[in-house]
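Encoded as structure tokens, the following chain is the form predicted alone, with no partner shown.
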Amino acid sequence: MPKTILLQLDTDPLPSVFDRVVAVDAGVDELFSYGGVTPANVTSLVHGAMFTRGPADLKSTAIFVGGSNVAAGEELLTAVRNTFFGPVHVSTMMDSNGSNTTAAAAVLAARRHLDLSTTTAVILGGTGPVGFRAAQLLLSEGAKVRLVSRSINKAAEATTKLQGLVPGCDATPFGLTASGVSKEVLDGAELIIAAGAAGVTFLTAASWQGLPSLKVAIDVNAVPPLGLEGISVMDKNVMHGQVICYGAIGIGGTKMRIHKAAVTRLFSSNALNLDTDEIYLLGKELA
């Protein structure tokens, strides 16, 4: 068998060291990393992956799309996959800013304690890359999702997109009020996932710990102050009052296992596209 080669295409000027380390730890034989990659300059790089090995050996080459800008990563992934034709392609994975692996880890943490098919979930920062993907995964499991953003218009746009991705889903948009998260959003919620920008606190400890229906609270932000006051980044299945809590590092172990396993899985075929749903399904296998 030829050596496994991972082509790391990063939309940032310098390719992510984090993603490089994970690739090495996942056992990739050779790692080719490029920064500043855009849809306009990616074609020759993809051709290099496509045309240097015979059809039987193409599964030993794969492409990882990363970078801090998730929208740019999505555009780049589309450009990469549009370059393939017929059977001449390699497997791809997109995890810009860790959005897919983090969302998968957060939902899997909730799944350990809740029947997601009957859960009412609140996603704070639901139009961001992790929040949106967590909402998508919860909806695919049958949960009811209340998507909260600072802008009700953005929340509505994201909800419409989610309804296209998960037909028949129960997703409702909400905007923050002058006083923050409204009582209507929180009433009856069993799960809260805070996935907003760093430095934004959505709820005080008293406001979420006092919710009679709440069973699980997860904050994916590792930079204080957290979105849910009172949760620690280290929390992993820790009780705060009657609520089971997870912080960013608390779900980090699962995120890392999923990331490494996804990189390894890329080399099982030359036709995989590991994006939100596929990465979550892989996480479910690991669980």
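Residues carry their position along the shown sequence, with the first being 1. Remember, it's a predicted structure, so these values are computed and weren't measured experimentally.
Although it is not shown, the form predicted together with another copy of the chain is what the next lines describe.
Asker: Considering only heavy atoms, tell me if R257 and another copy of the chain come within 4.5 Å of each other in the predicted complex.
Answerer: It does not: once another copy of the chain is placed as it appears in the predicted complex, R257 has no heavy atom within 4.5 Å of it.
Asker: Is L282 one of the residues lying within 4.5 Å of another copy of the chain in the predicted complex, judged by heavy atom distances?
Answerer: Heavy-atom contact with another copy of the chain at 4.5 Å: absent for L282.
Asker: Even though another copy of the chain is not shown here, does N221 get within 4.5 Å of it in the predicted complex, heavy atoms only?
Answerer: N221 lies outside the contact set for another copy of the chain.
Asker: Considering only heavy atoms, tell me if L45 and another copy of the chain come within 4.5 Å of each other in the predicted complex.
Answerer: Looking in the predicted complex, residue contacts with another copy of the chain include L45, since a heavy atom lies within 4.5 Å.
Asker: Using a 4.5 Å cut-off on heavy atoms, what residues in 45 to 75 are near another copy of the chain in the predicted complex?
Answerer: Contacts from 45 to 75: L45, G48, A49, F51, T52, R53.
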